[in-house]
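A lone chain, given as structure tokens: the form predicted on its own.
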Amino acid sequence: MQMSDEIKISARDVNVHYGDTHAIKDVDVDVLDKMVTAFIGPSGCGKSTFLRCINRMNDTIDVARVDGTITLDGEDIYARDVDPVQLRAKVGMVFQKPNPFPKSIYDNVAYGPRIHGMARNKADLDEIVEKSLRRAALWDEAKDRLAQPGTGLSGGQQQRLCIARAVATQPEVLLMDEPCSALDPIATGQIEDLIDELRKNFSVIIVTHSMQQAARVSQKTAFFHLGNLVEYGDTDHIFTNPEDPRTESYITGRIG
């Protein structure tokens, strides 16, 4: 498949403080479109914090301060006139634990398109729901139970429902914060296959604790350590021939 060299997200001099804690330090990175970028590194290294800068989730934390510039398609996402709610329609997010709304499967997926006025009528909404569930590889399992609660699905199905919910607003970027850490190996394999499929339409960024997962699903990898972006490049290069000794130590299991 053709690799895209188009820059989707660009970060320059990004610093994040939580009160007195300097969580992210001078991060510069360009994330490319239509590929999977993995953020790896030890717990507490800043990878999830940086991920949350990209859809302004840190705005919801009183003590968080984000400095620097992050652009999506060249537009500054922290500009005064940017509505974070609209931004989050463009930059979808899937969390560590599946968190379906306490609503039907149908209403979970229809929620975003409804609040963003994306459907003119019920037929439009039906089409969006079906397309989103198909994209999340859940349609065949869910089509006969759309009126049932999303919370009644298995863990892996719930996570795919959350992916369907995230893609329903037709985002351009999909952020995934350890999307498989609460799942069994079979469900994890299904999500990994799905991520490979999703990159045809989205720029996908995945935070993962699993180096094996990063190696399997991503084309680019960023290694974070103590709030610094230590190294960023092609995944196979980072895993076989890292340039920074800290990256090598992490990959060979000496730090982490």
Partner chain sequence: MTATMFIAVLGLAAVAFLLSRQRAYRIAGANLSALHSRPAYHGTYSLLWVLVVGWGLLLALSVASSVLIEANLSARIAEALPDAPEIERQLVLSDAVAIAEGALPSKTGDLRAEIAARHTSLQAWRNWAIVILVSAGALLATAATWSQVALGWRARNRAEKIIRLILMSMAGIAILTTIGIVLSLIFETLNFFSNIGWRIDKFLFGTTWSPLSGVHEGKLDPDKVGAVPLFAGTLLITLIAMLVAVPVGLFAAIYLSEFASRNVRSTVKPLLEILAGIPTVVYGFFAAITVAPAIRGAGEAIGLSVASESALAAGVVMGIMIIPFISSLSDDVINAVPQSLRDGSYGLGANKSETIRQVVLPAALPGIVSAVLLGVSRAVGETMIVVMAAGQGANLTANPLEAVTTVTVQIVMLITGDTEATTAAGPAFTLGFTLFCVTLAMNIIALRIVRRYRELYD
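Not measured: the values here are computed from a predicted model. Numbering follows the first chain given and starts at 1.
Unshown form predicted in complex with the partner chain; subsequent notes refer to it.
By the criterion of a heavy atom within 4.5 Å, G74 is excluded from the residues contacting the partner chain in the predicted bound form. In the predicted bound form, the partner chain lies within 4.5 Å of some heavy atom of M93.
Not displayed here, the partner chain is kept clear of Y78 by more than 4.5 Å at the level of heavy atoms in the predicted bound form. For the chain shown alone, P102 is a contact residue for the partner chain in the predicted bound form, at least one non-hydrogen atom being within 4.5 angstroms.
For the partner chain in the predicted bound form, the listed stretch (180-188, 120-128, 137-145, 166-174) containing residues with heavy atoms inside 4.5 Å is 166-174.
Each of R52, T60 and Y111 places at least one heavy atom within 4.5 Å of the partner chain in the predicted bound form.
Taking the partner chain as it sits in the predicted bound form, the stretch 113-133 comes within 4.5 angstroms of it through a non-hydrogen atom at I115, H116.
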